[in-house]
Ligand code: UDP
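So this first bit is one chain, no partners, the form predicted alone, shown in structure tokens.
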Amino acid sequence: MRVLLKITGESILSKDEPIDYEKIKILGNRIKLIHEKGIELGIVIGGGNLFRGKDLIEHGFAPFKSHYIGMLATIMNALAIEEVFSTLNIPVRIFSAVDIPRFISFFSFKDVDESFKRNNVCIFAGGTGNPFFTTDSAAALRALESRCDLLIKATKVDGVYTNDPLKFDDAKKLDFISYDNFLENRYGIMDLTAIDLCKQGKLPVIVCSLFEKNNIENLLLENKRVGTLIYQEDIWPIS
């Protein structure tokens, strides 16, 4: 099984450090358990721990330049993850949508496919390589290009809710949403362009909590149903 895991930059952020070694190490130990079971794993990480484009846009920066800076932030995070994962003996290779040949490989399906087959965890950095697209869209694009079987968005909440559960006490968790339902109701937890791409490629998406203990492990190793499934029908995509 080949899986793309989308995580936020905030997942490796601490109160004192924008890139926290110990948080990456905890993440790495979780990834190692999954990787050792033979699951081919790709990762897309955001850059919000280092930089948020909207902050500079509010101060008058050209939006496309703010997005470029955001792309570079994801590359910095990818390099940090690669370095820490290497200390845990997790084989990693980074592929960037932005061409930086001195120290990162440029994305190509052939190289990525070979890297997966050689048992590497593949980290996809640089977003889509274009401004005005989120890292959610980058995750959907890379998952489809890499022929992944599943896209997991691991975030702060344990699924998709009718309203923001952090703000509304009456928000209800949804166990399943069709692509069309998600797009029609414009749920804010994931970029609509990303969901539309997944709909076109019939790629199942699971939104779940990264921070709930053993959540990702239970999903991929124990086949437990967690979070919210976004798909064309309510058929659990892991067997």
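On a predicted model such as this, the values are computed, not experimentally measured, just so you know. Quick note: we count residues from 1 along the sequence shown, nothing fancier.
What comes next is about the form predicted in complex with the named molecule, which is not displayed.
Enquirer: May I ask whether 28, 95 and 120 each come within 4.5 Å of the named molecule in the model of the complex, counting any non-hydrogen atom?
Expert: Verified in the model of the complex; spot residues all out of contact, no.
Enquirer: Only one of these stretches, 105 to 113, 130 to 138, 144 to 152, 80 to 88, has heavy atoms within 4.5 Å of the named molecule in the model of the complex; which one is it?
Expert: Heavy atoms within 4.5 Å of the named molecule in the model of the complex occur in 130 to 138.
Enquirer: Taking the named molecule as it sits in the model of the complex, is residue 71 in contact with it (heavy atom to heavy atom, 4.5 Å or less)?
Expert: Residue 71: yes, in contact with the named molecule in the model of the complex.
Enquirer: With the partner left out of view, is residue 42 within 4.5 angstroms of the named molecule in the model of the complex by any non-hydrogen atom?
Expert: Flag for residue 42 set to no.
Enquirer: Quick one: is residue 67 in contact with the named molecule in the model of the complex, heavy atoms, 4.5 Å cut-off?
Expert: Because a heavy atom of residue 67 falls inside 4.5 Å of the named molecule in the model of the complex, the answer is yes.
Enquirer: Does residue 48 reach the named molecule in the model of the complex if we count a contact as any heavy atom within 4.5 Å?
Expert: Within the cut-off, so yes.
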